[in-house]
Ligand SMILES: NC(=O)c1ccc[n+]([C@@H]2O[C@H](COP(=O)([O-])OP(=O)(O)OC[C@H]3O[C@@H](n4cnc5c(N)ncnc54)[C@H](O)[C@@H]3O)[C@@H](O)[C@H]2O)c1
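The data below hold one chain only, encoded as structure tokens and taken in the form predicted on its own.
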């Protein structure tokens, strides 16, 4: 099977991992890159051996690009992805899919009319950690899932990120930044959600950048930075979830799933591997479950490669736009519930993505 050509728009911090992934997976090859900052694209092309440095407009019109990988800043995701689809390209977005439900619906509907695929990060859920946890659940080791917890708590990114402003703009915050990892993992493990009840707040109205090159600059915070709530899933499971940029330190587990027959500790969903631990009635403590699936190390681009392979074989791809839209709907419901102080029923649903095959060679997705 001939690999599909990928053109990258957005050559920022995260792009290095995608450029490396482009060399690793059999179903894709990165042939071009672009950025509104021309020097950024040139630097990445030189570093990673990308043959074509283009403007975003020329990349979108290129006959040598099959899929546009959109890794621009979040507020540009909708515009860039929609332009790619209108140019006749499949598109794979970095998370989140878009910043609003309306933007997400427009993107998916436009792509569907043109019979084009939309994919979206995160693809960490396709790695060994979450896929092993899914197999434990699917094989009945914890019985029927009853409840879950999900915690992502830190004190923000202004102490290390070179350009942290967008984390505190509308469409940023801990939910839109890290929520996609946790919620995509939860939907992968438990299926779609039905509703959200949440409380939100903003502990600090301003943030001081202490990282270079903007050390000393003040950021005005526009979005909630602490969100706590309940996600009720269509299968009856109930998850307590907290995402925060207002916590100095926390040792709470990332994700736990509790069932009628046992409990499961799921590794950090922002990684591809990590320990999966199981407790069942009669055990004297947690027991580590060996990984059942491949891709336990950094494998950014796995979801893109899976989509490229799926385009050629006709099967559904796993890191889909429909899944990403459902996660977007959940995240927006956290904000809506925090404002209205009511439960917000979700307008969307999605198919639980199929599990990754076992026994894959590195670089393969089928």
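Everything numeric here is computed off the predicted structure, so don't read it as measured data. Numbering follows the first chain given and starts at 1.
In what follows, reference is made to the form predicted together with the ligand, a form of this protein that is not presented.
For the candidate spot formed by 12, 95 and 160, every residue has a non-hydrogen atom within 4.5 angstroms of the ligand in the predicted bound form. Residues with any non-hydrogen atom within 4.5 angstroms of the ligand in the predicted bound form fall in just one of 65 to 73, 25 to 33, 323 to 331, 309 to 317: 65 to 73. Shown without its partner, this chain lists 209, 221, 255, 80 as candidates; in the predicted bound form, only 80 has a non-hydrogen atom within 4.5 angstroms of the ligand. Using a 4.5 angstroms threshold between heavy atoms, residue 166 counts as touching the ligand in the predicted bound form. When contacts are judged by a 4.5 Å heavy atom cut-off, residue 297 does not count as touching the ligand in the predicted bound form. In the predicted bound form, residue 56 approaches the ligand with a heavy atom inside 4.5 Å.
Residue 245 falls outside the set of residues with a heavy atom inside 4.5 Å of the ligand in the predicted bound form.
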